[in-house]
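Just one chain is shown here, as structure tokens, and it is the form predicted alone.
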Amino acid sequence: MVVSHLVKKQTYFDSVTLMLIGSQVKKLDGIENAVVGMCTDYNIDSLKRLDMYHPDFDSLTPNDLIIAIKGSDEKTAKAAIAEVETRLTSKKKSSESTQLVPTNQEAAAKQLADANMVLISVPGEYAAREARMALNAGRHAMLFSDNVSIEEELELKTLGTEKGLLVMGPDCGTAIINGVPLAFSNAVRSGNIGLVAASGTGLQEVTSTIHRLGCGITQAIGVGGRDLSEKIGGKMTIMATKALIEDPETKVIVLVSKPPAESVLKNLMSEIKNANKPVVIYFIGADPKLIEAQGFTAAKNLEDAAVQACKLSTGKSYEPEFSDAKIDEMSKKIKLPTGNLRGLYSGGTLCDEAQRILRTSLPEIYSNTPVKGCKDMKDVYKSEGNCIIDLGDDVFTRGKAHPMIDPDNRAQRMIQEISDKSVNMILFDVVLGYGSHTDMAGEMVEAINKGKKASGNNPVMAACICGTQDDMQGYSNQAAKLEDAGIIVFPTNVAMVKFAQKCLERK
């Protein structure tokens, strides 16, 4: 194999465009790997890990574009570089021929004068400025951007509270406002259940499950993963919950979050204790007795939050899609050899949930985002023992598209984990919906087949699908692709992790 490269200085393309082109070129005959991206710290680190780095990259800046190809020979690699250039040129011409796109927030506001919300997706260093501009103009702000300091978040949410405006985020990946999906979200029906979540994939998991159970939602409001931290104090969770209490269309309220600070939890309970509507709460790690003592319904997990909400919504009885008995029966068919478990998640809350369920069944678990009782990975790029990884964490997305959009990093990691002879089971999520890759199941199957073929290793593979049949990818279509490849498919993360737990008990 040889590595060829081309540098295009002061040439910018967005990360999604570069991801798509890189993925397409990587599938050409004779191409082992391709990195097409801006010269960010993350992409430089990736090139070094892939043994594709060249000294020519030393003096570059994030404004410079790198095309690096590893091919079977020099001719093949250079032909692939030429193909990348052709695709970039075509993309640029296509962009120039379309309607003029506003270059700043003020220009956009003039084109859509009635808009009262601004979705911000710019590098973190500029996001707070854009959010402040939106708030001062009387508009709610949703910050998809990550890498915003907690000090800036506090300043923005304090300003938002003063003005009565929502600040959703930073790192807010999911919302459905007045039926409009924003960022990552799923195609779900309208109904009478309103949700507030300091968790993107947690919100997707609950709304998708509600839909599959036959119910629907009014609003799904994301607030960013740090909102219930000690420093932020749950400012937006409180504001959004109070808005749902006042909303005549909302009959049931669901609150979802990673572990909240104890003082913040108590303050939140005090603020909403007089709600005249049932409230279902799933705060990972919070004491359910404390929640129930305040008159709220405590859910056991994300799946149960959806089940409880549907019961309160209709007054009917609902059960999880996969019963414990069915999961137990499925696990009996698995002969799990001695070895280690790996979880490769694109959803941070799903990663947390998996750790919390499995930590009682495994002697130790390592993670890049460890929950209480689990251990920090020594090297996030190299697994050890039983490892459950959040590949959507900031360390993996700095300067690169989220793994729900760009499957490349997770595909490479999948091949790496399958090649580890100590691994006997791999769990992963497939998140469907707006913003997500058009065929994540297909991409994962391709990586799994490649890893098995290269290593001869054949671990048990299980996947959970977060989505609905109405998503553009189609739930049943994605499930069929996974099942045809011998992957065991579950409708929720909880069902999949319970299955793994049963298999471990029988090992």
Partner chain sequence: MSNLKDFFGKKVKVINLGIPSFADDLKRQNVEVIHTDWRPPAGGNKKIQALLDKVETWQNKVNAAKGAK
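C-alpha atoms forming the largest set that superposes within 1.5 Å between two forms make up the rigid core. Residue numbers count along the first chain shown, from 1. Quantities reported herein were computed from a predicted structural model and do not represent experimental measurements.
Not pictured, yet referred to below: the form predicted together with the partner chain.
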Hey, with the partner chain in the predicted bound form, do 126, 130 and 247 all fall inside the 4.5 Å heavy atom range? yes
So in the predicted bound form, does any heavy atom of residue 23 sit within 4.5 Å of the partner chain? no
Even though the partner isn't displayed, in the predicted bound form is residue 116 close enough to the partner chain, meaning a heavy atom within 4.5 Å? yes
Considering non-hydrogen atoms and a 4.5 Å limit, does the partner chain approach residue 178 in the predicted bound form? yes
Residue 61: touches the partner chain in the predicted bound form, heavy atom cutoff 4.5 angstroms: yes
Where does the partner chain sit in the predicted bound form: which of 254-262, 336-344, 407-415, 181-189, heavy atoms within 4.5 Å? 181-189
Identify, from the list 427, 239, 135, 312, the residue with a heavy atom within 4.5 Å of the partner chain in the predicted bound form. 239
In the predicted bound form, the residue from 395, 82, 101, 150 with a non-hydrogen atom within 4.5 Å of the partner chain is 101
If you apply a 4.5 angstroms heavy atom cut-off, which residues in 1-26 are near the partner chain in the predicted bound form? 10, 12, 14, 16, 17
Superposed on the rigid core, does the Cα of residue 38 end up 2 angstroms or more away between the shown form and the other one? yes
Core-aligned C-alpha movement of residue 488 between the shown form and the other one, 2 Å or more: no
Kindly check if the Cα atom of residue 21 is displaced 2 angstroms or more between the shown form and the other one relative to the superposed rigid core. yes
Are residue 406 and residue 61 closer or farther apart at the Cα level in the predicted bound form than shown, by 3 Å or more? farther
How does the CA gap of residue 391 and residue 63 change in the predicted bound form versus this form, closer or farther, if it moves 3 angstroms or more? farther
